[in-house]
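Here you get one chain, nothing else, as structure tokens; it is the form predicted alone.
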């Protein structure tokens, strides 16, 4: 079942039956979770932190899903974009909290084990590690925009809603992120 059909099912079920709506929400969250984890991995550059972000995002989505408004013209946002926004805010909250309790810097590149499969690891380990380290070197605002646009094919409008800034700022951050990433990869000898 396509995501938009599941999303419609959740919206319709909200008004009808609590058990049906819970089942539909569970199906939708299960379907979106791999993309959410992929986003969180690239945003945090740390598997443990990404999983923490995803878990907290799921909790917030389940407890606050009645506040979700589907896409209707320019007023709404897709369910995936809504979850990505929650995840972005969760990550920001975690960073703020860790900055208060300790002198938290950038996430440790590669810390947390980003290994996918043994075959993938054998073929792409050097390039992937260099890419993750280069992503980790970007400022959080640029990294989030780049990951959403490149890996999740979000529109500028969706990215704007997810990160909470104007579309023009999204385009600017993306431009500078690409330049910085390209330069970092050249410096590492990958490009």
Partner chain sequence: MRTRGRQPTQGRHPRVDLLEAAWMPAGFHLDSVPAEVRDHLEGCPECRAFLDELVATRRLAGALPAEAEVSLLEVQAAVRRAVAAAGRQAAVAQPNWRERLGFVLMAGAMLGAQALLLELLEPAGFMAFQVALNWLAPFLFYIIFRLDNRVTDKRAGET
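Note that the coordinates shown come from a computational prediction; the quantities given were computed from them, not determined experimentally. Positions refer to the first chain, counted from 1.
Quick note: we don't show the form predicted in complex with the partner chain, though the next part is all about it.
### Message
For the three residues 69, 94 and 164, which mark the spot I'm curious about, does each lie within 4.5 Å of the partner chain in the model of the complex through at least one heavy atom?
### Response
Not a single listed residue reaches the partner chain in the model of the complex, so no.
### Task
Verify the contact flag for residue 138: yes if a non-hydrogen atom of it lies within 4.5 Å of a non-hydrogen atom of the partner chain in the model of the complex, no if not.
So residue 138 does not count as contacting the partner chain.
### Query
in the model of the complex, does residue 186 have a heavy atom within 4.5 Å of the partner chain?
Close contact exists here: in the model of the complex, residue 186 approaches the partner chain to within 4.5 Å, heavy atoms only.
### Query
Heavy atom to heavy atom, is residue 144 within 4.5 Å of the partner chain in the model of the complex?
Residue-level check for residue 144: no, no contact with the partner chain.
### Query
Does at least one non-hydrogen atom of residue 65 fall within 4.5 angstroms of the partner chain in the model of the complex?
No, residue 65 stays farther than 4.5 Å from the partner chain in the model of the complex.
### Query
Though the partner is not shown here, which residues of 159-191 have a heavy atom within 4.5 Å of the partner chain in the model of the complex?
Contacts from 159-191: 171, 174, 175, 178, 179, 181, 182, 185, 186, 190, 191.
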